[in-house]
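One chain follows as structure tokens, the form predicted alone.
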């Protein structure tokens, strides 16, 4: 237990340092965050226009879309604001640049993921909060479940992106593959899951866990179902376990690029 708390403290310390680093360039930070907020807003307008013409789609009305966007954008923002190196995993492995992390007495995967912060994702964080305000769900239990779901969604986002990046251990440079898989996950998660049936639905709850970052959290906040909370927590744990397993297996195939890196 003491070791777990120690590692959590280490992660929080890295997040604090990374935040201090990006705040050195406040104008750039604000512009990137605002740019991402606008980008999300443009995509959101599509759904507003859609539901202005069609009132319901597979059990989803505009209120559920507000909640869906709130959970996904806040979860995504939380994931990549804090673990900004997750999208870089594939490239770092392919370039043989893990040496720096391998030589330090800290869990390699934690140190690797949280050693960078992505300012763009701050716009997602802000958008998620604004979208939730539109849902009108202000009772304490719904707010608590919403925040809990976004944390689990963030864990799944981080683990899926990093696991996809670990493909570089096995197939060479998998940067584009990892990017496509991550984009595929977030794209499917932004649609009502009732649109997908059969094999596709199975894929979206297993290989590409889009259902666990969108549809399941929406149902949890709406129904306050504890069984679904347990299922979502289980999905987050499985995602983390898969990442650790694949990363450890991949390290056996890792080849150093003998590059000299300076991390500030």
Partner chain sequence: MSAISVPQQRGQPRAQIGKYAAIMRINMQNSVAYAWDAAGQGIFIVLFIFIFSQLWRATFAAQDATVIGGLTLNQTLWYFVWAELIELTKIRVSFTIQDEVKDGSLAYTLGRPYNYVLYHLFSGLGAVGIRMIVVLVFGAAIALTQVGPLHTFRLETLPAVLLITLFAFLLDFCFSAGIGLLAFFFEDTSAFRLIYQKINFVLGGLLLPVDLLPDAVQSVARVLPFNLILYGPSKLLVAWDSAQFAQILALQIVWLAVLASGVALLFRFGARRVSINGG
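Numbering follows the first chain given and starts at 1. A quick note: this is a predicted structure, and the numbers were derived from the prediction, not measured.
Unshown form predicted together with the partner chain; subsequent notes refer to it.
The partner chain in the model of the complex comes within 4.5 Å of no heavy atom belonging to residue 173. For the chain shown alone, residue 231 is not a contact residue for the partner chain in the model of the complex, no non-hydrogen atom being within 4.5 angstroms. Taking non-hydrogen atoms only, residue 36 approaches the partner chain to within 4.5 angstroms in the model of the complex.
Residue contact check for residue 32: one or more of its heavy atoms lie within 4.5 Å of the partner chain in the model of the complex. Considering the partner chain in the model of the complex, the lone stretch of 78-86, 157-165, 108-116, 181-189 in range is 181-189 [heavy atom distance within 4.5 Å]. Interface residues of 26-52, taken as those with a heavy atom within 4.5 Å of the partner chain in the model of the complex (partner not displayed): 28, 31, 32, 35, 36, 38, 39, 42, 43, 45, 46, 47, 49, 50, 52, in sequence order.
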